[in-house]
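Just the one chain here, the form predicted on its own, laid out as structure tokens.
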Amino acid sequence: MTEEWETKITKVTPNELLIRGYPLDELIGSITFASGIFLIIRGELPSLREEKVIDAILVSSIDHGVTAPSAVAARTVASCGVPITTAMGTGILAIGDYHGGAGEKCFKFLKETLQKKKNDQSLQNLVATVVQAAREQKIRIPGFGHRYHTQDPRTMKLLKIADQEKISGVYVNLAQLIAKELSYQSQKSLPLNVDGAIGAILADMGFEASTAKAFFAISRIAGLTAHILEEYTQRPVRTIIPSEAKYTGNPKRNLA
């Protein structure tokens, strides 16, 4: 006898597909991709505010050029003449704790930090204590600082949108306090980076920590596709060295 198991995600019957109870054909053309992602993960459609923030998160991580290990991996494999899905999969497999994983780690760190708060303790005092302990133990707090950006422009825009849409809560506030305290105690700029911002926002939205890395991967697959398609136009079997890349695309242009 075959053992039955349950799923609450999608029901498939002849001529009908239900995504979390909604007919897929009715969702097509009626909701955005961001809303579809929210629905299938969370089980309910997002509010307009949640939809806008999820969409902003997806756009924010779409690409970071050939500086990203996932792009180098995807392009290297693509140069060998493999199918596009193989190259895409290779890029995704390069996403882990050290590339694309800071959002999940920051999410967990923020949760753990808040759990340490005593009833009469202020957030500022909590943050000062936690940052000092991390520095004494030589532990790098994930989600802060960036090897290219001293002020990550993606972070600033994401936080602005999350604030405007009234999504920002205790975790975004906590992350910003940590960024200030890190810079104060280290005497150097260690701002919240885009991964940390995404982790904090998703925490305030009630997602699971692991979804921070998932959202990064969902977003980055679009950028990887562009890199792979471009790589197909280059000579085969290349050694991809990011520092040797020369940008020859459009100059900076304004969004109409």
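Start at 1 with the first residue shown and count on from there. These numbers come from a predicted model, not from an experiment.
Form predicted together with a further copy of the same chain: not shown, discussed below.
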### Query
So which of 180 to 188, 121 to 129, 167 to 175, 141 to 149 is the stretch with heavy atoms within 4.5 Å of a further copy of the same chain in the predicted complex?
141 to 149
### Query
Can Thr90 be called a contact residue for a further copy of the same chain in the predicted complex at 4.5 Å between heavy atoms?
yes
### Query
How about Gly36: is it within 4.5 Å of a further copy of the same chain in the predicted complex, going by heavy atoms?
yes
### Query
With the partner left out of view, is Arg49 within 4.5 angstroms of a further copy of the same chain in the predicted complex by any non-hydrogen atom?
no
### Message
Would you classify Ala134 as touching a further copy of the same chain in the predicted complex, given a 4.5 Å non-hydrogen atom cut-off?
### Response
no
### Query
What are the residues of 96 to 123, in order along the chain, with a heavy atom within 4.5 Å of a further copy of the same chain in the predicted complex?
Gly96, Asp97, Tyr98, His99
